[in-house]
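Next up is one chain by itself, shown in C-alpha cells, the form predicted on its own.
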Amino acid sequence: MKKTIEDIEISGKRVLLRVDFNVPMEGGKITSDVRIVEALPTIKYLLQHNAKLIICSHLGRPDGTPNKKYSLKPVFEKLKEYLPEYDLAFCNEVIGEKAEKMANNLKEREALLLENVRFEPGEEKNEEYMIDGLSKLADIFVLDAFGTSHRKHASTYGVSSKLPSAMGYLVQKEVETFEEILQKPQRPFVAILGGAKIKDKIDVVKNLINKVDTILIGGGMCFTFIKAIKGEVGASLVDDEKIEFCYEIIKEAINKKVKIILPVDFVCAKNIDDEAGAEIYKLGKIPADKMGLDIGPKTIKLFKKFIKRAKTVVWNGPMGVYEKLMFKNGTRSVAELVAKNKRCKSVIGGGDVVSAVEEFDLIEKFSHVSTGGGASLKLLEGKELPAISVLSEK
C-alpha cells in the first residue's frame, strides 16, 4: 500500500503538492472551479497540520513556453476566495532562484502557488533539470493530481525519485474506489461501455471480461461487435481491423458465462448533422446510406433489465452522439437508470460520460465520478498508473 498524507509527518516541513487545476477557462475567467474544490480537502489538511505548502499544477497545453492565456493567476485568485484564513502567495516562475527563495521563506500554514508547470519544456519530457528544480523546493512530495497520474511527467512522476512521497485524499479515493470495484465487487457487476472507437477500449474489454457478469455495449464501438457476428450495420462506424478481436471476445464471454448485450435498435441518420432525418431502425434493418447514432428505445428497455438488478456499475463512454439533441436520449436514459438504482455502487469515468451526466444534472446520484478520463481508463485496463506506482510504500 502507498503512503497517504496521514502516514507522514508534515509539521514544519516544506510540502510540494501536485494538484490538477486544469480548469476550463473563457476569456481569462474560470467557467468551472470543480477541480479547485476537489483539491481543498488535501490542501486544508496539510495547512492545518502546519505544513509549508508549495502547490503546482498544469493548465492547458502551452507546449513548454510561457503563455499568458494559460497562466495560473486566475486560479490563485479563486484559491484565495476558498482559503481566506491562510496566507497565499503566487510565484510567476516554476523553478529557479525566485521559486526557491519564496519556498524557503514560507512559514508554517502558509502556501505558495507556482506558475503553470507546463511553461517549462522539461515538465512533459520528465527532464532531470525540472525534477531537480522542483525537488529543491520541498522536503516531501504529495500527489493529488489523479487526472495526470498516467503520465510520466516531472511534477507527477519524476519528483518521487528525489523526495519521500504520499497520496493526497483525491488520489487515495480514486485508487481505493477502483480497487474495490475491480477486486471485490458486489454482484451482479455490470459494465457499460460506449464511445466511438473500439480500439480505445480493447484493453478495458479484455480486463473486464474477467471481472464482470454483464457488459452492455453502446456507442459507435458496438457496430464492430455486431459486424463480428455477421450483423448488418448500414453506413455505421466499423473498425474492420478489430472485427476478429470482437469475435474472439464474444467467444471468450460465452466460455466464461459473461453476458455481452448488444443493441437491438438504433436512432439512425445519414450523418451526425442530419437530425431532421433521424429514424429508428431495428438491428439488421439499417439502410445502406444511414448510420446508427444512438441506441433505440427497445435497447434502453433491454439494458434496463440488467442495470436495475446491478449491485455494481462501472460506465465509460456515451451511448450515442449525445451532443446532438436527436441522439442524446440513449445516454440520458442510461444515466437515469443507473441514478435510479439506489442499491448499486456506480462509478463513471471518462470525460464524455462525466460531461453528459453533468449536463443531465445527475452527477450527485453517482457513487463516484472519476476526475481522470485517461487515468481511470488505465485502471479499468488493469494497469498501474506510473505516478502512483513510484510513491513511497507504507
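So that there is no doubt, residue numbering starts at 1 and follows the sequence shown. What you see is a predicted model; the values in this text were computed from it and never measured.
One more form of this protein, predicted in complex with adenosine monophosphate (AMP), exists but is not displayed; see below.
Item to check | in the predicted bound form, the residue from Gly234, Gly158, Gly195, Gly122 that sits within 4.5 Å of adenosine monophosphate (AMP) by heavy atoms | outcome: Of the listed residues, the single hit is Gly195.
| message | If the cut-off is 4.5 angstroms on heavy atoms, which of these, Gly147, Gly168, Gly220, Gly133, is the one near adenosine monophosphate (AMP) in the predicted bound form? | response | Residue within 4.5 Å of the partner: Gly220.
Among 290-298, 111-119, 76-84, 184-192, which stretch has residues whose heavy atoms lie within 4.5 Å of adenosine monophosphate (AMP) in the predicted bound form? Looking at the partner contacts, the answer comes out as 290-298.
Close approach of Lys242 to adenosine monophosphate (AMP) in the predicted bound form, 4.5 Å, heavy atom: Outside the cut-off, so no.
Exercise. May I ask you to state whether Pro263 is within 4.5 Å of adenosine monophosphate (AMP) in the predicted bound form, using heavy atom distances?
Key: Result no; Pro263 lies far from adenosine monophosphate (AMP) in the predicted bound form.
Exercise. Flag Asp352 as yes or no: does it have a non-hydrogen atom within 4.5 angstroms of any non-hydrogen atom of adenosine monophosphate (AMP) in the predicted bound form?
Key: So Asp352 counts as contacting adenosine monophosphate (AMP).
- Task: Please check if Val321 has a heavy atom lying within 4.5 Å of any heavy atom of adenosine monophosphate (AMP) in the predicted bound form.
- Result: Contact check for Val321: yes, within 4.5 Å of adenosine monophosphate (AMP) in the predicted bound form.
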